[in-house]
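The form predicted on its own is given below as one chain in structure tokens.
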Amino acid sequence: MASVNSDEWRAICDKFNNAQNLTEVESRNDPENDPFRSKYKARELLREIYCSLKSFEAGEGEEESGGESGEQRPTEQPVDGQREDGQGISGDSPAGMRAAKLGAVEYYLGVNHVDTEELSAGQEHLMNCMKLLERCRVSSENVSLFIHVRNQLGILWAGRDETEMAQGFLETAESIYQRYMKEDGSPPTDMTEYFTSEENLLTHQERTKRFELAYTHTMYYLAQVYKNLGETERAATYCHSTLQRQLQLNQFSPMEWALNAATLSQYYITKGRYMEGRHCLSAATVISGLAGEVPSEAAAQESETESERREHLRQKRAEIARCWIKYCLNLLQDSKKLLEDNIGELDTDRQDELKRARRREEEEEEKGRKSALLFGSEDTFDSIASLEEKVLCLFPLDFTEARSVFLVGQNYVTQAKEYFQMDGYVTDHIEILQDHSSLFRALAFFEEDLERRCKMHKRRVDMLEPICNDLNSQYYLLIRRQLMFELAETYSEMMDLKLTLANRQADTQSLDNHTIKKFNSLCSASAKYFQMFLDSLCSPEGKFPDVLEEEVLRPALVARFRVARLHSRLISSVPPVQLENLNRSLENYKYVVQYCEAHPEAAAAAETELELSKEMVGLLPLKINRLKARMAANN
């Protein structure tokens, strides 16, 4: 190998620097009709470097190294990346350094071919790099290359949906890193330093940063692999660690990092780990702020760059706001499940029990915070902690606590709607409205004052009803069905609340006309929306399907049952109207029973409704006959 001070070696170093510049800088300006021009030039320089290295090697009497590529990973390569017998060439020996330098050029040629979408050639060069390193023991001189090449092969195989192959390379890279840090730990040589003059070698600090960044990439790719393998908890752990390392190394794009943290929060929420979910979201909000202010509309109109930046920042921050909405909504809903009795009302004994246990939970939360992997640097940690303090991560146990969570959620609803407007983002806008409605519904559970609870449900109707009636069924049929069903249920809840309030003041026989009118109005509105849902299932000719699709089976049977129940509850003093209501009620109860008899597999979808329908099919004819007899007697 030529002396590091020789002219030949300096020429190689210059070519390498030019290749790096072409790849990392010049390629950004390549024209659309020749997108890889700079990378092709870099490839030629790398090939020249490879030939020069081989000629040096031949001049020194070295044997040929490298070899043919194999599709499969070398079977003799053990998990820790070293030879099983503990032998092999020392990484800092002349032969070890020659192998590392040739391996590095193979590595860069491999990455170059992958970047230009020549995957098979890329794989061949990367595997050549692996074969060159097989002869060597891991050391500070080559450990970085050991990890980088496996990272690239992991990405390559993952891109081919060969997830387990990718897993093998990446887990080996992880093991190599962990063993090296345990047994040596000194800042290792970076691959670029193989072709750098002595005066331009990296500082120990820069070496450490680059090495840790390579391992951060290993963790990031492993997170994707574990996600694709369905190992969600492991994926979340690796994702969390990756995000933390990116902050520590100051190697991240604020908005991309923030969105990844917000997405990770949704995993924690589904697992009921609200402390971690809140921490991810608080960090996401703070870090997204590092991206700067959103350009004004005026600035966006004057500059295309500013326009794109405005759009990017507004969209990503709105998406983070939507993750906050889900956090608040799920926290309230999970708390409701803990506190409700068998009829869906607040269980005060359970509430008292949970309040007594609250102190212990707070202590556990504090311990959890100390043991958790927290995001942040000296600059951001306090801001993240401050934001966390503004929202609970323990289950709210009364109206005051629930309202504090609700208000945070409602604030993010406002933020999200500023970007996801009805004009342009119909589906997103409606989903946000549905979440807002669900926030009101969850809060209403904690409200003891029935009048105020009724007003919360009225707010839900006011936000959803105009949208439902204005939407075009041809394009938004599924969304309309969702809205119809929710409106029907909301009116039904309001009807029950009004009746409960009236019964507290007098018995049912003594209801005043105003109360009866209000009750019937809510009852009819609920029945109307359930019927609209059922009508939406009909063919263009208006025929109801003989066989219900699986996705609408339960909703359709429940809607029929609820329509039956609502018609039987309408209050009227006019016998013919009473008879009409009872007949319509019986007709819908019969449908539920007859459909489940004709399709026995459907019974499991609505067991409770079927049982009650059978009971009512037996009882209602008696009631109808008594009413008919009374009407005949009066005539």
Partner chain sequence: SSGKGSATNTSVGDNDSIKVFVRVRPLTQGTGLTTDGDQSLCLTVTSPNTIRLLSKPEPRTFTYDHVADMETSQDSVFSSVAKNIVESCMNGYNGTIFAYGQTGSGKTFTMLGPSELDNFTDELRGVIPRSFEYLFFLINREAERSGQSKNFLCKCSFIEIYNEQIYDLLDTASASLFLRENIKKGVFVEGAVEKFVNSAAEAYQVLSMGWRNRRVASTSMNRESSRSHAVFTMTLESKESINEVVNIRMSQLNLVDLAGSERQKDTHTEGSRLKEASSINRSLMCLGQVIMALVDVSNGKNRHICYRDSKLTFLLRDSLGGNAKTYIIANVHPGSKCFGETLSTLQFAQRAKLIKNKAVINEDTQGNVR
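Positions refer to the first chain, counted from 1. Only a predicted model underlies this, so the values are computations on that prediction, with no experimental measurement involved.
Unshown form predicted together with the partner chain; subsequent notes refer to it.
Student: Is residue 425 close enough to touch the partner chain in the predicted bound form, meaning at least one heavy atom pair within 4.5 Å?
Tutor: Residue 425: contacts the partner chain in the predicted bound form.
Student: Spell out, yes or no, whether the shortest heavy atom distance between residue 246 and the partner chain in the predicted bound form is within 4.5 Å.
Tutor: Result yes; residue 246 sits at the interface with the partner chain in the predicted bound form.
Student: Applying a 4.5 Å heavy atom distance criterion, does residue 526 contact the partner chain in the predicted bound form?
Tutor: Answer no; every heavy atom of residue 526 is more than 4.5 Å from the partner chain in the predicted bound form.
Student: Hey, in the predicted bound form, does residue 482 get a heavy atom within 4.5 angstroms of the partner chain?
Tutor: Yes, contact at 4.5 Å.
Student: Thinking of 227, 264 and 322 as one candidate spot, does the partner chain come within 4.5 Å of a heavy atom in every one of them in the predicted bound form?
Tutor: All three within 4.5 Å in the predicted bound form.
Student: In the predicted bound form, which of 416 to 424, 137 to 145, 350 to 358, 179 to 187 comes within 4.5 Å of the partner chain (heavy atoms)?
Tutor: Selected stretch: 416 to 424.
Student: Tell me, which of 118, 465, 206, 256 has a heavy atom within 4.5 angstroms of the partner chain in the predicted bound form?
Tutor: Among 118, 465, 206, 256, a heavy atom within 4.5 Å of the partner chain in the predicted bound form occurs only for 256.
Student: Only one of 380, 521, 404, 232 has a non-hydrogen atom within 4.5 angstroms of the partner chain in the predicted bound form; which is it?
Tutor: Going through each option in turn, the one that passes is 232.
Student: Using a 4.5 Å cut-off on heavy atoms, which residues of 544 to 566 contact the partner chain in the predicted bound form?
Tutor: Residues within 4.5 Å: 547, 549, 551, 554, 555, 558, 561, 562, 565.
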